[in-house]
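Below you will find one chain, with nothing else, as structure tokens; this is the form predicted alone, and questions on how it binds or moves follow later.
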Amino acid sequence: MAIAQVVDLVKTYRMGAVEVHALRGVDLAINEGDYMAIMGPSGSGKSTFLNLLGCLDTPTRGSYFLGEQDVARLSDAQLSHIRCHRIGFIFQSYNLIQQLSVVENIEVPLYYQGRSAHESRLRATALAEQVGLADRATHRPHELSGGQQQRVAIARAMANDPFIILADEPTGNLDSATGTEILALLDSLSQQGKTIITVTHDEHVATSAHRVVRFGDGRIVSDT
């Protein structure tokens, strides 16, 4: 069953007198439980597509259905609500708050949902344990390795029980052994039925996914 779908998605940027056609009419259905890798050369449109899926940007034309709701034309406040409640983000650079501990970083999305402090702490603690960081729960990011920081980011992405987890080069800052550990964690989430979309340049990362969508010149050129 499709939990997200884009129809004739177009994104055009204007840079002075020049128009940049980042997406040129993309159609794609994302099914519940998909573990999808999005690949393509620089400038192919894959990062723009991920930003649109994450409601970090809006399309120039086309529709984007998340569940049954067309989110393509929502206001900034409505998009913020969608991001808070339906989408989990994993970034290459982790994007952790340096002044907060592991559990406090995981709690951040729950704070924006208005959860109680007690409920947030219980969930964040459980997620820290799930990603193997129970013994690091009170540590701050500078006290963690890169792989541990990415585990915190994955736990934070899971905090709001999202429709979709979006990962932007999740192993890009990690050595190969640590990257393999992070891919094993993502695979475990996939086996639990989570829907994961990852943008990557790494063919090894793509082989972990169940579906590979390749972009070229703002269009999908293959979907396998």
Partner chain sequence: MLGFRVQRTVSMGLKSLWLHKLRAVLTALGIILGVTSVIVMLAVGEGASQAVQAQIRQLGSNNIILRSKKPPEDSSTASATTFALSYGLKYLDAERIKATVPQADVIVPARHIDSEYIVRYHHRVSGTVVGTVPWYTEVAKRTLSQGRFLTSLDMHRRATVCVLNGPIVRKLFPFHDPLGAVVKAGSSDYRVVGVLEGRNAAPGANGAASEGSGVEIYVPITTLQSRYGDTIFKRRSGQFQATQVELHRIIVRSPSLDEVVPISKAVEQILAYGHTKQDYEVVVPLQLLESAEETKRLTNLLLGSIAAISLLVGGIGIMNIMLATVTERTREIGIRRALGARRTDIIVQFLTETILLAAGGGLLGVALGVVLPHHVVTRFFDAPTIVTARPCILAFSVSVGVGLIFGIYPAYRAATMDPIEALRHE
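In this text, all values refer to a predicted model and were calculated from it rather than measured experimentally. Residue numbers count along the first chain shown, from 1.
Only in words, not in the display: the form predicted together with its partner chain, which the text now covers.
Participant: Heavy atoms within 4.5 Å of its partner chain in the predicted complex: which stretch in 189-197, 52-60, 175-183, 25-33 meets that?
Facilitator: Heavy atoms within 4.5 Å of its partner chain in the predicted complex occur in 52-60.
Participant: Residue-level contact is defined here as any heavy atom of the residue lying within 4.5 Å of its partner chain in the predicted complex; does Leu96 satisfy this criterion?
Facilitator: Leu96 belongs to the contact set for its partner chain.
Participant: State yes or no: in the predicted complex, is some non-hydrogen atom of Ser80 no more than 4.5 angstroms from a non-hydrogen atom of its partner chain?
Facilitator: Close contact exists here: in the predicted complex, Ser80 approaches its partner chain to within 4.5 Å, heavy atoms only.
Participant: Counting only non-hydrogen atoms and a 4.5 angstroms cut-off, does Val108 reach its partner chain in the predicted complex?
Facilitator: Although its partner chain is absent here, Val108 would touch it in the predicted complex, with heavy atoms inside 4.5 Å.
Participant: In the predicted complex, does Ala117 come within 4.5 Å of its partner chain, counting heavy atoms only?
Facilitator: Contact with its partner chain, yes.
Participant: Please identify the residue among Leu144, Ala134, Leu74, Cys84 with any heavy atom within 4.5 Å of its partner chain in the predicted complex.
Facilitator: Selected residue: Cys84.
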